[in-house]
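Below you'll find only one chain, the form predicted alone, shown as structure tokens.
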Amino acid sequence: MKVPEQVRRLALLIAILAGVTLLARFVLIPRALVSTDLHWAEAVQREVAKPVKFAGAVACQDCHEDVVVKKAKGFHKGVTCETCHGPAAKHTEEPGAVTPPAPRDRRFCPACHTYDPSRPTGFPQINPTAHNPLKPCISCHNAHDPVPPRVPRECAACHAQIERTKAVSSHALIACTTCHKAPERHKSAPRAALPSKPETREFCGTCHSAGTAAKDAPKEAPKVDLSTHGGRSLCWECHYPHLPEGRT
């Protein structure tokens, strides 16, 4: 059986490409560009050759034990000293000659504490423009144990974004404590004592059920038949409680 001309040409082309690839891979391209072992070895040599800049938290404890102990009990216990004070290797070598910087203005702390919706719930966040304008953070907060000088009286002190959203919704006049029961300790240790959240459809039904709404429920509150509306879904799977006009 005679092999078609186009098949022979295709086979020849494939053979040429394979040969060029092998030639480039093993002859033309330097081993340093493709060898993982060489890359790792050179990377290690390059990093080892760099001067040591960071001393490590253990070195700080040798001279600042009181501060380290205080920080270990506070909200900043997971933040290393050099995160805020910068590399301290030279300071440990010559404590009297080299002093590490200490942030004392408003620009440093907001790098972590300016409101960002991607941060976890309960993480302390502020609006730097409105929160104690122009005052340095350390004028109210001890950086090593940054508890608020006064326990917040309003939920908006920590949940400003939620408060701003709720303020333009039909739930604007509903107090946070109507739906959330917050233990007193939540004000001083928010992540250790979490507030409760409604867990059943019947909770929203106290105002919005067509048949069983509470007597003091607002007459203008939209009414639905809980037995059919939304099937078995929980109310907040479709409606955002702080802005129920919009659907998730």
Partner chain sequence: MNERRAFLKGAIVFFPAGGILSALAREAAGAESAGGPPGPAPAGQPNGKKAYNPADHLYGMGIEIDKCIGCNRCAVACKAENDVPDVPFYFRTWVERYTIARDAEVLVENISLGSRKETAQDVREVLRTFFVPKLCNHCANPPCVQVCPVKATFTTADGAVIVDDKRCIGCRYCIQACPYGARYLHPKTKTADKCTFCYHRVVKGLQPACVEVCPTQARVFGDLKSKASRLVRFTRMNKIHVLKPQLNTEPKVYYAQLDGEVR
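Since we're looking at a predicted model, the values are computed, not measured. Residue numbers count along the first chain shown, from 1.
Absent from the display: the form predicted together with its partner chain. The rest refers to it.
Contact with its partner chain in the model of the complex, defined as a heavy atom within 4.5 Å, is made by none of K90, P101 and C207. Segments offered: 194 to 202, 46 to 54, 214 to 222, 177 to 185. Contacting its partner chain in the model of the complex at heavy atom distances within 4.5 Å is 46 to 54. A41 is the sole member of V69, A189, C63, A41 with a non-hydrogen atom lying within 4.5 angstroms of its partner chain in the model of the complex. Contact annotation: of the candidates N142, S170, T83, N132, the single residue with a non-hydrogen atom within 4.5 angstroms of its partner chain in the model of the complex is T83.
In the model of the complex, its partner chain sits within 4.5 Å of a heavy atom belonging to A111. Remark: I126 does not count among the residues lining its partner chain in the model of the complex, judged by a heavy atom distance of 4.5 Å or less. Of the heavy atoms in V79, some are within 4.5 Å of its partner chain in the model of the complex. Using a 4.5 angstroms threshold between heavy atoms, V20 counts as touching its partner chain in the model of the complex.
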